[in-house]
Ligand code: ADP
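The chain below stands alone and is given as structure tokens, in the form predicted on its own.
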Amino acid sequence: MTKEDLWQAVLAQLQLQLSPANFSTWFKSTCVLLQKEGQVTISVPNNFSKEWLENKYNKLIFRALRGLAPEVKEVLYLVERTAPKQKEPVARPLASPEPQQELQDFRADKDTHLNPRYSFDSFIVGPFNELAHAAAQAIAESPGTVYNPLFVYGGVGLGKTHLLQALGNRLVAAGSPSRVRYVSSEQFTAGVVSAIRDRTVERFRALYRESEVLMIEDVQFLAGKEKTQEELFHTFNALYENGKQVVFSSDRPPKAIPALEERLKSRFEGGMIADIGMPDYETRVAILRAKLQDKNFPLAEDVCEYIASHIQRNIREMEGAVNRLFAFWRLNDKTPSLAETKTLLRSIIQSPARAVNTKKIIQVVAEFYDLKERDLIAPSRKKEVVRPRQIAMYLFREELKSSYPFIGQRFGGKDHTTAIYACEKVARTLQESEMLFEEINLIRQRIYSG
């Protein structure tokens, strides 16, 4: 395997593990410069990318490289201002129709960071996402005048990225591409850090505040980043006051984002808030067939039904399943049978017998509210801990049917009456608070999505 083929194979794995926005941001301008004596040198476009890959993604990259080339012992990153052009992946000649080249789909425009692969035409609309879709369509017709800002939230892999980028691509097609800017919250934060370090804050501000449309994905990751939140607050105000469109996405509603300034929450809530839920079976089948049609990839009906029945909570997982079966088709010149599909997707599709447990609930609730697990089970009465603890107790009762004495014991040896009070309080509040209902629904999605 050549070094170019090795890196293309690594990228193919990484694209299944990262969000499209992060994949595009950090990997689109990389390639392998040198592979020699167990050492792989990767070209990156700038120092910040080098630091980010070394500190955040190095373990992931190293693991993927070792899986494909066990002789690899070390990964190095070298800054090249203009990275060499990546070699295009070559499709194997088959008797079947020529398949599409997967990695080309992930090349984003260098100015807007938008991926042309995403469009409204390929976005499958169902009851779970119709409000968000309708709002995005309305903005495409008249940006800055309706639903400003738009805040879209929902669980991982349900189509937020697709919807936002489809909106961006529609706006680009109608106007000046350089005035539409789409970034992840990590990229925005990286820009703030870089601007402060390089003393180019004014240039950074001008870059964003001259946008006609600004879209920032995964704003929950701004929690606790005070300087970044301050820059976003002033950028938002500058754009909004000049009638420019702002769009955000998150895995939860604004009120449920911990360590987020109230003034930002109020800005997020000042326009349209639209959720994207889990697709029903019929919509999952429609999404699956659309992905197969894009690839001109035939799959038997029983295989399609199996995938749609077993991958229920994450459209991105469904795409990963299709890519895995597609690779089998390319290598073997035949479509996989149902038995082969079950084997190929064994690591993606979880066994129904794999039940959730107490450890999983505590872990997910703690992560959702940006707490440490020990905070939930310690006797602390801090306001920011009490409510998440009560929700965790409620989920013990609802999902595991745990007894009240057991729940009390699990949470710091509390009396069973404390567990009863917590569960009843959450149940009562659920009847009155749509926000709490959404929070618990998102937590449940995380618990059962692995």
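What you see is a predicted model, and the numbers here were worked out from it, not measured in a lab. Numbering starts at 1 and runs along the sequence shown.
Below, we refer to the form predicted together with the named molecule, which is not included among the displayed structures.
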Subject >> Answer range among 303-311, 340-348, 122-130, 207-215 for contact with the named molecule, defined in the model of the complex as heavy atoms within 4.5 Å >> reply: 122-130
**OP:** Identify, from the list 143, 168, 159, 254, the residue with a heavy atom within 4.5 Å of the named molecule in the model of the complex.
**Re:** 159
Subject >> Heavy atom within 4.5 Å of the named molecule in the model of the complex - the one residue of 360, 117, 330, 295 that qualifies >> reply: 117
Original post:
Does residue 155 reach the named molecule in the model of the complex, with heavy atoms at most 4.5 Å apart?
Top reply: yes
Original post:
Does the named molecule come within 4.5 Å of any heavy atom of residue 261 in the model of the complex?
Top reply: no
Original post:
Does at least one non-hydrogen atom of residue 287 fall within 4.5 angstroms of the named molecule in the model of the complex?
Top reply: yes
Subject >> Partner proximity in the model of the complex: residue 370 to the named molecule, non-hydrogen atom cutoff 4.5 Å >> reply: no
Original post:
From first to last in sequence, which residues of 391-418 have any non-hydrogen atom within 4.5 angstroms of the named molecule in the model of the complex?
Top reply: none
